[in-house]
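The chain that follows stands alone, in the form predicted alone, written as structure tokens.
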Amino acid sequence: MKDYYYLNSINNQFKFCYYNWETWYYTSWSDLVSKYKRTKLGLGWNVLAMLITISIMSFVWSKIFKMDMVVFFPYIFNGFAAFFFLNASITSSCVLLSQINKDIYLNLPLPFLVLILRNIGQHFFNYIHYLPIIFFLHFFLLEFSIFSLFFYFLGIVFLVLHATLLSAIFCIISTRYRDVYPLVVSIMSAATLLTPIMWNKDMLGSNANFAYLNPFTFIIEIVREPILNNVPGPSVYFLNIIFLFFSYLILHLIVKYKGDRLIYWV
């Protein structure tokens, strides 16, 4: 069992992934390259599709909400880019062990967290391809601020941590209970409308703070607002830290008591 010291310890799994970062970093990049191997634009198609979709949505919704499209487009683009990363990471993690990487997990003595980070890495590389547009919007449509850029990159760190912990939790639960996957897909679809991405929480008036009952609100806000030169208040960072703490605690307990059973559930 010495080779499987990490089975019931999420901390040991994080240590393994830290010291053996090649196991998930290079494989995630390889997955992305092979996926778009025979295309000319590669991930450029994702960026182009996002630009077309968000441009049309911004034009229509800016008319409905009577907002300046120059202001509304960066708001909705940054919100969707962050949410799509989170959505893709969580939903794909639900079938990560049962379908996508089943053979790898059954045949190689690797912590399941390696496969989680491999999946996160692939979707994060997707997100990176939106950065040129995000920076263009920040530099040319908005007032440039180094201060805001610092908080933006800090928000990305929070976003990746949220995606990692939530993906790991739902990966384990959905491997044990296969009905969880369609449930998660439904919830994430509903969250697209319930999260202030296409609309602003200030539209709720005196009930604006109720939007924070949806965790995705403060998760997206911590990434989107700084790049729009609106640094979130301390309460937003506090909510993110608290949510990360409880996510880690839940993951720690699940792995501690059920980590060695995961391979039987696959």
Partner chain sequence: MASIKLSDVSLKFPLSYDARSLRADLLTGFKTQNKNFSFISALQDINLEVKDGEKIGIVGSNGSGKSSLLRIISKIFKPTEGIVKTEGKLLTMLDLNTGLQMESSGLENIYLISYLRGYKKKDINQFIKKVIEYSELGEAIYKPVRTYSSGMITRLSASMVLCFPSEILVLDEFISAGDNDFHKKFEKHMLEKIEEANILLFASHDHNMVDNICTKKVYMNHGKIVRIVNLKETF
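Residue numbers count along the first chain shown, from 1. No experiment lies behind these values; they were computed from the predicted model shown.
Just so you know, the form predicted together with its partner chain exists too; it's not on screen, but the next bit is about it.
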Exercise for review: Answer with one of Trp45, Phe238, Tyr26, Phe59: the residue that has a non-hydrogen atom within 4.5 Å of its partner chain in the predicted bound form.
Suggested key: Tyr26
Exercise for review: Note which of Leu110, Leu165, Ile134, Val95 lies within 4.5 Å of its partner chain in the predicted bound form, where distance is taken over heavy atoms; exactly one does.
Suggested key: Leu110
Check your understanding: Leu193 near its partner chain in the predicted bound form, any heavy atom under 4.5 Å?
Key -> no
Check your understanding: Is Tyr105 one of the residues lying within 4.5 Å of its partner chain in the predicted bound form, judged by heavy atom distances?
Key -> yes
Practice item. Using a 4.5 Å heavy atom cut-off, state whether Ser30 contacts its partner chain in the predicted bound form. Key: yes
Practice item. Decide whether Val185 counts as a contact residue for its partner chain in the predicted bound form under a heavy atom distance cut-off of 4.5 Å. Key: no
Check your understanding: Looking at 169 to 177, 149 to 157, 72 to 80, 87 to 95, which lies within 4.5 angstroms of its partner chain in the predicted bound form, counting heavy atoms?
Key -> 169 to 177
Check your understanding: What residues of 147 to 168, in sequence order, lie within 4.5 Å of its partner chain in the predicted bound form by heavy atom?
Key -> none
